[in-house]
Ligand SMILES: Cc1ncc(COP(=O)(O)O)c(C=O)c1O
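Before any questions on binding or motion, here is one chain by itself as structure tokens, the form predicted on its own.
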């Protein structure tokens, strides 16, 4: 095929998918990346972060990113690296936990945790004890305490659950984690909570928190793939170092070859937006979230839990029928079978205008389903 044929075919195929620009993708935790990030990706698209002896600039960019996260998480000693996403980051966190307490095998995990925790447990030979949720869909801290025993390796908490955007009571869990590894999966909430005017806290001032997952390719607005695993200090990463005979370095990352393009794009995004830029974006998303909730309360629908982040769980009557009709009108919205709700993630592309159109269609569909 000629170059023009290839490009034309790809454009036709992409045109068959929905676009973030029309706002009708309501359940995605990603959004359209910035143009500056796409350009940065292109400039570094031929670089491999594994080959630090060849591409020293990529190593410097990644170090800058981790330093930026250190400021965000109130810890200048923060160490970590850019992953392919939250799944890899969660696996790495529990890999380090296993290295830290090699004789323990049991992890306490909320029922609402991301499925990657189960993946990590299967890969690492760990046993999961699932912990039930309270009526607000947060993990029940008293049930965690009841399940702790001499074989407890780690406790996992979530800051922004996949279904409802709920934040587990992290500071209360922290009190239970003395000689227990404490990992917080903030893949979604990591670029929201630090910029909120609220009492929520996810940073290394929480003294027993060992590691945290944050995904720049979610509310960080970086292109996919870009996750991050962050530890309290570099001693955690030292546990993962290996010494390939053919490399002049000691890699500690789970994956070998890593895209320098993804790292450059993430660097470009956080430097373009800065702390103030993210604060403005989060403020706008939360204002739109509150607007959505006000409109929903005028209808015969149940908001499952008062949103702390920009995620709203909606339970109308005739849930499956309503969901089907919404999708028939072009709304790309997901239904969570566990909480029996529709999930709306109010990302930057979900504007007040889009929310007004969605509410209008939802109201009409609810009337049809009476």
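Since the structure is predicted, the reported quantities are computational estimates derived from the model, not experimental observations. Residue numbers count along the first chain shown, from 1.
There is another form of the same protein, the form predicted together with the ligand; it is not shown, and what comes next is about it.
Asks: If you check 66, 325, 333, 29 against the ligand in the predicted complex, which one has a heavy atom within 4.5 Å?
Replies: In short, 29.
Asks: Taking the ligand in the predicted complex as the reference, which of 259, 289, 78, 116 has a non-hydrogen atom within 4.5 Å?
Replies: Of the candidates 259, 289, 78, 116, 116 is the one lying within 4.5 Å of the ligand in the predicted complex.
Asks: Quick one: is residue 174 in contact with the ligand in the predicted complex, heavy atoms, 4.5 Å cut-off?
Replies: It does not: once the ligand is placed as it appears in the predicted complex, residue 174 has no heavy atom within 4.5 Å of it.
Asks: Wondering, does residue 87 line up within 4.5 Å of the ligand in the predicted complex on heavy atoms?
Replies: Yes - in the predicted complex, heavy atoms of residue 87 and the ligand come within 4.5 Å of each other.
Asks: Spell out, yes or no, whether the shortest heavy atom distance between residue 185 and the ligand in the predicted complex is within 4.5 Å.
Replies: Close contact exists here: in the predicted complex, residue 185 approaches the ligand to within 4.5 Å, heavy atoms only.
Asks: Looking in the predicted complex, any heavy atom of residue 211 within 4.5 Å of the ligand?
Replies: No, residue 211 stays farther than 4.5 Å from the ligand in the predicted complex.
Asks: Can you pick the stretch from 248 to 256, 290 to 298, 153 to 161, 275 to 283 whose heavy atoms fall within 4.5 Å of the ligand in the predicted complex?
Replies: Looking at the other structure, the answer is 153 to 161.
Asks: Taking the ligand as it sits in the predicted complex, which residues of 210 to 229 have a non-hydrogen atom within 4.5 Å of it? Please list them.
Replies: In sequence order, 215, 217, 218 come within 4.5 Å of the partner.
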